[in-house]
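Just one chain is shown here, as structure tokens, and it is the form predicted alone.
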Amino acid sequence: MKSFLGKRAVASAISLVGLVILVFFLSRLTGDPTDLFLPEHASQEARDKFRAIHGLDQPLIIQFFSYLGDLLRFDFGESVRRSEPAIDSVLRGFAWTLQLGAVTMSLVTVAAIVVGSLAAFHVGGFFDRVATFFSLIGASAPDFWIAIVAIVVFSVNLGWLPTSGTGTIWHWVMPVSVLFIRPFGLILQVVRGSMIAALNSAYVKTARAKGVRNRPIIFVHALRNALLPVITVLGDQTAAILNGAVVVETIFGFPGIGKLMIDSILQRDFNVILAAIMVTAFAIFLMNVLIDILYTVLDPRIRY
């Protein structure tokens, strides 16, 4: 396991360096932040001073190696817009996204496993057809459309929920609900398929022949072996949220890392963009390692 984790860490570090190089130079193609942060009538002296303070007066290649040197000291630079260390802005936004993702994926996991398992147990029945119908709709519905419809119905027409912010628990209802729908539809389908195969396996038939009740058969004998593909999809969907629920956070004004990245791209806050990408990539690396460990827990035959 240690050698496996070491190889994964090296591969992730190489990918991260490549990503930093790509984003660093592509972000510079968007233009000079001086044009955004200083008024149009600003003097040339003020512009030169701004560019010198933020190192923008240096040749691009010098800026790049200077940035790499700072990274080796865990210095992610300063946010031009907020006048604070870029990593502080990113960690603050990431904490919000992490909470949003944890709440959403916890609900998704429990609901998809329970509903998917029951649908598989009643395969072909009314419950299975209803669950499959709504899961397919949920898996194919675009987030931005659901978010807009939710705002129109629950905020504008009914006035039940706030449209943006994080002040109360009611501010979380629509962002969590919108992020819930797509992963729930996808994972329910995976659970259902895996459980159908598990329920038709020889060891489940043997348990039934021994008189084991339905609930232990579903949630103890069959579910454990059906979880491996489910964990893979769960990991992908969690990574999608951690990578920035960009659309949902932007529409609902949620101060997560997705909204932070969009704002930073629009405002050419290069250090925040790069710091956000690195923090997100590191979080996804840790999550993938956790998934690999879960594989070995669920199936002891798996060795790395």
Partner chain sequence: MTHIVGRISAALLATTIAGTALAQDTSVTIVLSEELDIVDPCESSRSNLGRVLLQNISETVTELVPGSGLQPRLAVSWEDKGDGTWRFKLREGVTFSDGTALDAGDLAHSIARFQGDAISCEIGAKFFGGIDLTTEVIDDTTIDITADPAQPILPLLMSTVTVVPSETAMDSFVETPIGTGPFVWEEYARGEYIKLSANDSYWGETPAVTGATYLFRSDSAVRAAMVAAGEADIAANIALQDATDPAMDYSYPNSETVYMRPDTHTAPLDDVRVRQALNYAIDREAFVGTILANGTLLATGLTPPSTIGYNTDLEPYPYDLEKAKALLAEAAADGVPVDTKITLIGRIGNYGNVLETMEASLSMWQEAGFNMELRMVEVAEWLDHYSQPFAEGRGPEIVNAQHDNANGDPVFSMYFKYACDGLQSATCDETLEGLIADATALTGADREAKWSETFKYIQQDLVADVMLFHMVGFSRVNPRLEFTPTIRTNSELQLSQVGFK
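Numbering follows the first chain given and starts at 1. We call the rigid core whatever largest set of C-alpha positions still superposes within 1.5 Å between the two forms. Quantities reported herein were computed from a predicted structural model and do not represent experimental measurements.
There is another form of the same protein, the form predicted in complex with the partner chain; it is not shown, and what comes next is about it.
In the model of the complex, the partner chain sits within 4.5 Å of a heavy atom belonging to Arg82. His54 falls outside the set of residues with a heavy atom inside 4.5 Å of the partner chain in the model of the complex. Taking non-hydrogen atoms only, Leu72 never approaches the partner chain to within 4.5 angstroms in the model of the complex. Among residues of the shown chain, Pro255 is one whose heavy atoms approach the partner chain to within 4.5 Å in the model of the complex. Residues with any non-hydrogen atom within 4.5 angstroms of the partner chain in the model of the complex fall in just one of 179 to 187, 217 to 225, 89 to 97, 230 to 238: 89 to 97. Taking the partner from elsewhere, every residue among Leu38, Ile151 and Val156 has a non-hydrogen atom within 4.5 angstroms of the partner chain in the model of the complex. Residues of 156 to 176 lying near the partner chain in the model of the complex, listed in sequence order, are Val156, Leu161, Pro162, Thr163, Ser164, Gly165, Thr166, Trp170, the criterion being any heavy atom within 4.5 Å. Put the two forms on the same core and the Cα of Phe133 is off by less than 2 Å between this form and the one not shown. If you fit the rigid core between this form and the one not shown, you'll see the Cα of Leu68 move by less than 2 angstroms.
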